[in-house]
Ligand SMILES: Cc1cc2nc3c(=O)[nH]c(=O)nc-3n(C[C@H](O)[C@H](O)[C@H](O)COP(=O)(O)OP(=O)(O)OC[C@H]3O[C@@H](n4cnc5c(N)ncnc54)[C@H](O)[C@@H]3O)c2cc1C
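Let's start with one chain on its own, the form predicted on its own, as structure tokens.
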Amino acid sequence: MTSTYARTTTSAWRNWAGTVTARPARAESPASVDELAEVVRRANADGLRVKAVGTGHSFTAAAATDGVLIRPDLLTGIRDIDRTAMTVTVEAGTPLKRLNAALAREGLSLTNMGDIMEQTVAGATSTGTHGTGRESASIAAQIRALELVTADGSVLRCSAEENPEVFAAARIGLGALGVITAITFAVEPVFLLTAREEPMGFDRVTAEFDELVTENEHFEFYWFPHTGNCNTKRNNRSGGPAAPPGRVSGWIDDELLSNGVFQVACSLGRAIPATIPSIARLSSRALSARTYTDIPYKVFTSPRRVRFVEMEYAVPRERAVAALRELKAMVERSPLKISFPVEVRTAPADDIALSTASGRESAYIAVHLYRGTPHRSYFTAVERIMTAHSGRPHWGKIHTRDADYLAEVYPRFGEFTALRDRLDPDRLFGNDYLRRVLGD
């Protein structure tokens, strides 16, 4: 059969944070589902494993392979908008930022999203990307149907009605069940959100945490290590009118302070760690309150130009404050110098087998360090705290947990691995990361 693949390369692949490098035997960019299925069949015949990669925003080696790397650059765009069912079907390689902009032009929006939108829709959902929400959950929880190419090269469609046992797992599938080719999301008419950003002390935030979560549709906060200072953000639906940040003030807050000045501060802190506590005190005190109203993706997301490494754990929501206080005490008694704020968000329970919020209301505690800063001591200490609270690590962020631990904290872990055994018994879609987190 003559190949019709749009592009075949053999160059090395590196993720966004620079923490993972892979050199696949070949990289393919299929331009259609049929071409992708043929890529899978040919790789199988050649004895090569297969992994699909998005934009590389995972900090783990979830997408790394020495076999065939599938780049979905040509599988992009909206296939269909169903205004009766209020769904949109989108090709797997579509970046979230392009989907959000396209939906806005159609007067539509996702209900919730994370705080960055560089990822592809398949990459974001497969690793459990989430935002924060009282009732609205992760991006994967908004999936109504999906299509994937399985290990034998067949195209499988699944939803709550069609292949429901696959649908229950594949919405957050880690790339272990097949290569996703299209996703159908629930959407709603575009709406306005009012964001209220406000500095608040750590003791007050933690004392009022349950109240703040309950009273707001979306609540999150950042704690600045080495200080008692936090910055809170409350997003709630608004009747309008739209009142986005001014061009100058928005640039100052989102580009100059959050990226430009922060980049300089992180570089200085990495070079001279002793300066970090002073920088943290100055930067946290410089925060000021602001309120603005805009369409969802312009409120939920923000540019992230300072590169970092990250660990994030989901703990039962009722344990969040205790875990965070333990983290703060650990930092204060240790010689660690932490330049990045700690981010705290929440999510309702959902019904996806390997979702970090599967079956329980969850709070997310995320720790970051500037790229190039040694992170092992800090992340190891944080992980010890989070696992003591039955924490579940984010699938796309740095962690050291294995299948034995994960089987304990995910009640439906065996359901997922049994499905994997059925769909990919020879581990065509396997790699070292999946062997660690899912077992052989």
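Numbers follow the displayed sequence, beginning with 1. Small disclaimer: the values here were computed from a predicted structure and weren't measured.
One more form of this protein exists, namely the form predicted in complex with the named molecule; it is left out here, but the text below deals with it.
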Checklist entry - Can you say which of 38-46, 51-59, 411-419, 381-389 gets within 4.5 Å of the named molecule in the predicted complex, counting heavy atoms only? => result 51-59
Next on the checklist: in the predicted complex, is there a heavy atom of the named molecule that lies within 4.5 Å of any heavy atom of residue 114, even though the partner is absent here?
Outcome noted: yes
Checklist entry - If you check in the predicted complex, is residue 202 within 4.5 Å of the named molecule, heavy atoms only? => result no
Next on the checklist: Given that the named molecule is not shown alongside this chain, does residue 218 nevertheless sit within 4.5 Å of it in the predicted complex, heavy atom to heavy atom?
Outcome noted: no
Next on the checklist: Just checking whether residue 124 would be counted as a contact of the named molecule in the predicted complex - the rule being heavy atoms within 4.5 angstroms.
Outcome noted: yes
Next on the checklist: Which residue, 229, 119, 346, 142, is the contact with the named molecule in the predicted complex, using a 4.5 Å heavy atom cutoff?
Outcome noted: 119
Next on the checklist: Counting any non-hydrogen atom inside 4.5 Å, which residue from 63, 68, 406, 398 sits next to the named molecule in the predicted complex?
Outcome noted: 63
Checklist entry - What residues of 140-176, in sequence order, lie within 4.5 Å of the named molecule in the predicted complex by heavy atom? => result 174, 175
